[in-house]
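There is one chain below, alone, in structure tokens, taken in the form predicted on its own.
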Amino acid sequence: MSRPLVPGERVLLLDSKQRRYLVTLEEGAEFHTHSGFVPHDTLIGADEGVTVTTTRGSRYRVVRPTLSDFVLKMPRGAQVIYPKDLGPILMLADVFPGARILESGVGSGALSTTLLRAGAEITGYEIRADFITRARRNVEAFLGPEVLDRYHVEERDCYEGIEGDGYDRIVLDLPEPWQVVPHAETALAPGGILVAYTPSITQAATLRARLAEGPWSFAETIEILQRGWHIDGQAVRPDHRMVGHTGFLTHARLMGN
């Protein structure tokens, strides 16, 4: 079924070198580069996949951005969790439609967008008001305003406690996630899962030590490395560059108090 591009929608423009430009369509606006410009009105009403030509003859293919595209191009204040880690977080946390998730450290909203797209209902804790504003805008930009009914972010410190209980999952992107473990033990439902993203292995080790003191099982810490391959006919080799260390993912399951 055809879905023409509409004003307010975000699109991705790809040039001949596969460079990507994230653009929000506005009536009367223009997309400018050193290769000329394209009026947004030539895109509005067109089908995804259309090719447009700038005033200087450069050509761009126009598609809707994937979630991965959006995360890498979205406006940000805090460093985002990258796509190579977002997918594993969904699996480690076993996110399902309707899951009640406490997310702390929402940052720019990349993880929030991923969890919401999987059908979760999120209560977010974030200590910076400007991050809350940016996260909400990014979530709405990719998923639409209706998703905000499942996304409630409060300006508060998760280290000081978690209001309410019965959460299915707790997902943390914080410098000291071990401070949240005592609160998670009362806020999570039995069998609930905690997942924490930490940049350093010492953070992960401290978290694991704290988990070992409580009613947690199946604790595991992993690191995701992403290596692409150059394939050109019979010339096949690993790419010279890879997406190496970004962070460690630690997860554990609450087995009852």
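When you see a residue number, it is the position in the sequence shown, counting from 1. Everything numeric here is computed off the predicted structure, so don't read it as measured data.
FYI, the form predicted in complex with a small molecule isn't displayed, but the following is about it.
(message) Given the stretches 141 to 149, 182 to 190, 91 to 99, 169 to 177, which is the single one in contact with the small molecule in the model of the complex, using a heavy atom cutoff of 4.5 Å?
(response) In short, 169 to 177.
(message) Considering non-hydrogen atoms and a 4.5 Å limit, does the small molecule approach Glu163 in the model of the complex?
(response) Output for Glu163 is no: heavy atoms all beyond 4.5 Å of the small molecule.
(request) Report whether the minimum heavy atom distance between Thr133 and the small molecule in the model of the complex is within 4.5 Å. (result) Judged by the heavy-atom cut-off of 4.5 Å, Thr133 is well away from the small molecule in the model of the complex.
(request) Determine whether any heavy atom of Ile127 comes within 4.5 Å of a heavy atom of the small molecule in the model of the complex, and answer yes or no. (result) Ile127 belongs to the contact set for the small molecule.
(request) Indicate whether the small molecule has at least one heavy atom within 4.5 Å of a heavy atom of Arg156 in the model of the complex. (result) Judged by the heavy-atom cut-off of 4.5 Å, Arg156 is in contact with the small molecule in the model of the complex.
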